[in-house]
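Take a look at this single chain in structure tokens; it is the form predicted alone.
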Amino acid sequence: MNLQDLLDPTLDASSKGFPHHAPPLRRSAIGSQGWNVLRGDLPLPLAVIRRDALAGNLQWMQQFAAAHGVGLAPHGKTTMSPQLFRRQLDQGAWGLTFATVVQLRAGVAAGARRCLVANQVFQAIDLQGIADLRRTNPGLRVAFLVDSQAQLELIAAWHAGHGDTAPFDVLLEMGVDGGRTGCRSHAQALALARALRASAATRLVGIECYEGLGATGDSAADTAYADALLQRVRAIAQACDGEQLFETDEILLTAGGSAIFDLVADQLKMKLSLPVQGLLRSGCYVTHDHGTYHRFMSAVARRMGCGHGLHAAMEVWTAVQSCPEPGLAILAVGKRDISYDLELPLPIAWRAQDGTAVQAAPPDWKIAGLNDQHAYLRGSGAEHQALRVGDLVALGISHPCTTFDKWRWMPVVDDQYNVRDAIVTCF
């Protein structure tokens, strides 16, 4: 696939949400078709991205990182969208982060030249994949995580059989008891760092952690948690620097998911014998959400003592397909279309089929359950009783990552829901 096919692919009615009657179109042509979501020009359900909120989110997060003196390496797994990768890089991102080598390949194809794989890489096919990417993309920088001697042995065994391959850049990962990956103690981490320095297969270029799984939304608890973890990160960085274990011109210190990034940003800056580049890896900020990250960002705003510039940019529009009993409307949308892993979707707006203005959803409206293709919208007020088959309902999400992966494309819309652009995904 060439760059044009990646950034500007041809879409057609084989993708859900694309008009049944429309001819195949390049992505770049979609914004000039005059389509409007509320007019019925596209089949529902349909995930859309609000253009102005998206632009504001991209700008705000980049400015936040710059104001705190760190770089931004957004996690690409959130969107897996080449168009959004380009916008993040064009906005000033240091590079991009990925979870797998498959994702990494898409990011490199979209133009990323500094990449983190925030995960353990050890399978021969993935090591070969990184080696191939470096060979075919001169100047490409890729660093991945290591957290055990067992992983290092697998890397070293592969590298020994490929003597013409340059060492792999790696980040030592620090973890927490009961958490996911990462070294659990300073002693374990330092012993591994020494082994990485001694190995011909690896170059230690920095330290990594992920604090997001411990976030609660309680500022006191989250501050204590983040401080404790980042103190360990800084301590191991200091120790590795003291023993000259880093093999790089610039040490990378990286953390920062999408929940409490404000609590780690300033701690990614420290003085060592080599320059230090702090990197935040937030990903969900691109479209934000109406649920989980909305609540986390409310806490961030309180800690910052001011408002924040992130706004929910993704909505999933659907239609009422049945009103089988009082207080219940069945919507034509389900688990195949929208996030449900952290919490159920949130009704945010609706529009009667008579073409009246979009209205905010009443506070008593709740999605009580989801099937593959159906959602159960319950409510007790007069507005719910007024719902009719054919009325439109907009749902907000909680956790954008698991809505993006349900769509091959999404229209980008203005405030009147005119389709102005489109993005595609590469899951």
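For every residue, the number given is its place in the sequence shown, counted from 1. Owing to the predicted nature of the structure, the values given are computational and were not obtained by experimental measurement.
As for the form predicted in complex with another copy of the chain, it is not shown, yet the points below apply to it.
- Partner proximity in the predicted bound form, defined as non-hydrogen atoms within 4.5 angstroms of another copy of the chain, places exactly one of 39 to 47, 358 to 366, 25 to 33, 54 to 62 at the interface: 39 to 47.
- Residue contact with another copy of the chain in the predicted bound form: residue 385 places no heavy atom within 4.5 Å of it.
- Among heavy atoms of residue 373, some come within 4.5 Å of another copy of the chain in the predicted bound form.
- Within this chain, residue 205 is remote from the site of another copy of the chain in the predicted bound form, having no heavy atom within 4.5 Å.
- Heavy atoms of residue 193 never reach within 4.5 Å of another copy of the chain in the predicted bound form, leaving it off the interface.
- 150 is the sole member of 306, 150, 220, 228 with a non-hydrogen atom lying within 4.5 angstroms of another copy of the chain in the predicted bound form.
- Proximity to another copy of the chain in the predicted bound form, defined as a heavy atom within 4.5 Å, holds among 235, 102, 272, 348 only for 102.
- The three marked residues, 328, 401 and 425, each reach another copy of the chain in the predicted bound form, with a heavy atom inside 4.5 Å.
- Scanning 313 to 349 for heavy atoms within 4.5 Å of another copy of the chain in the predicted bound form gives 319, 320, 321, 322, 324, 325, 328, 330, 335, 336, 340, 341, 342 in sequence order.
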